[in-house]
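Shown below, as structure tokens, is a lone chain in the form predicted alone; questions about how it binds or moves come after it.
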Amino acid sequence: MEPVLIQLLNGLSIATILILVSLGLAVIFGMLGIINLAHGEFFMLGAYCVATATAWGVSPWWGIAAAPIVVGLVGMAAQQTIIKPLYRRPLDTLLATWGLSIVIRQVVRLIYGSGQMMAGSLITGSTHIFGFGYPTYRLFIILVTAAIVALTFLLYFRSDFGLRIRMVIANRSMAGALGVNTQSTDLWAFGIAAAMVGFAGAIMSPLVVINPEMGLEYLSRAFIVVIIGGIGHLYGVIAGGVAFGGAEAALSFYLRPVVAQILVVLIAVVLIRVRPQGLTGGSRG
């Protein structure tokens, strides 16, 4: 019973983080048609915010609080200076965001060096669930990311701002003709997406190795989640995250983590081949 419960919680922990990282990617692609290859570097910047707070001797919680603000501002600056002039030129935006990811990594190397950094401990100890101990910080990650995902869906489906986003995604020209400020909506949607992935990097920082290359792994995993869930479907991110995270946690129980990740990618490839529209393809949302 204990190993099964622990693996379920591990799978839930991985899935919630992947969903949080992938949501911003899905919104940016669905709204702007941009494949943001700098998304992983935004995740990395969030982790470095916590590492910086730790290095300065202040509480890592300040780093977590600052991460979405700092990364959100970086994302908004990138949207205004690099991405906005390249709308309707998807291949150019692909190259531009790839270049941006390289620039961000090099800037981080210049400031912090290429070595690893550490984030301070935030919550220690374990919590007993049905008589079994489980790390309290992982439970914290599950609860916080679930709350943020729920708020994101409320923002997207139950607010005026979310309505404007969906109008722009459905028909940008018509939304503009009806009085929606599409440029402002683009800017804030991109900034919020960057802030979410920055926050994801911050809360994951105590559990991962922090270095300039760390974003690449999460970029590839986020793309797989979005694709197997169904491109353009926000609910698909949840389905993709649960499928990917659950499979990874289950296989890691029997196999080495590297082998498990390879098998998960192979399963994703087969799934995409069998169902190219994704798990939720056909139900727009």
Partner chain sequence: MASVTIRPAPARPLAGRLVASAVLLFLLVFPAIASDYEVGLLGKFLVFGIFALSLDLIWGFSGVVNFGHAIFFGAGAYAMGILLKALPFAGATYLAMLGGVLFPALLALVMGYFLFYGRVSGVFFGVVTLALTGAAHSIIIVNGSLTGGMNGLYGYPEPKLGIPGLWEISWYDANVSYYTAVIGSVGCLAFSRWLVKSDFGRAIGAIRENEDRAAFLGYDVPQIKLIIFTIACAMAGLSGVLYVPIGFISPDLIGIAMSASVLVWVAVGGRGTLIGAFIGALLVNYLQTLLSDAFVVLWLLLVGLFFILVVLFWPGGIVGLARHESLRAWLRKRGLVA
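Residue numbers count along the first chain shown, from 1. Note that the structure is predicted; figures quoted are calculated from it, not measured.
The following text describes the form predicted together with its partner chain, which does not appear among the structures shown.
A.B. asks: Within a 4.5 Å heavy atom cut-off, is L9 in contact with its partner chain in the model of the complex?
C.D. replies: So L9 does not count as contacting its partner chain.
A.B. asks: Using a 4.5 Å heavy atom cut-off, state whether P90 contacts its partner chain in the model of the complex.
C.D. replies: Residue-level check for P90: yes, a contact with its partner chain.
A.B. asks: Would you check, heavy atoms only and a 4.5 Å threshold, whether G125 touches its partner chain in the model of the complex?
C.D. replies: G125: no, not in contact with its partner chain in the model of the complex.
A.B. asks: My question is simply whether V103 lines the interface with its partner chain in the model of the complex - judged by any non-hydrogen atom within 4.5 Å.
C.D. replies: Within the cut-off, so yes.
A.B. asks: With its partner chain left out of view, which of M76, L163, I142, L86 would have a heavy atom within 4.5 Å of it in the model of the complex?
C.D. replies: Spelling it out, the residue with a heavy atom inside the cut-off is L86.
A.B. asks: If you check A170, L95, A177, A150 against its partner chain in the model of the complex, which one has a heavy atom within 4.5 Å?
C.D. replies: Spelling it out, the residue with a heavy atom inside the cut-off is L95.
A.B. asks: Any idea which of 117 to 125, 191 to 199, 68 to 76, 104 to 112 reaches within 4.5 Å of its partner chain in the model of the complex, heavy atoms considered?
C.D. replies: In the other structure, the partner sits against 104 to 112.
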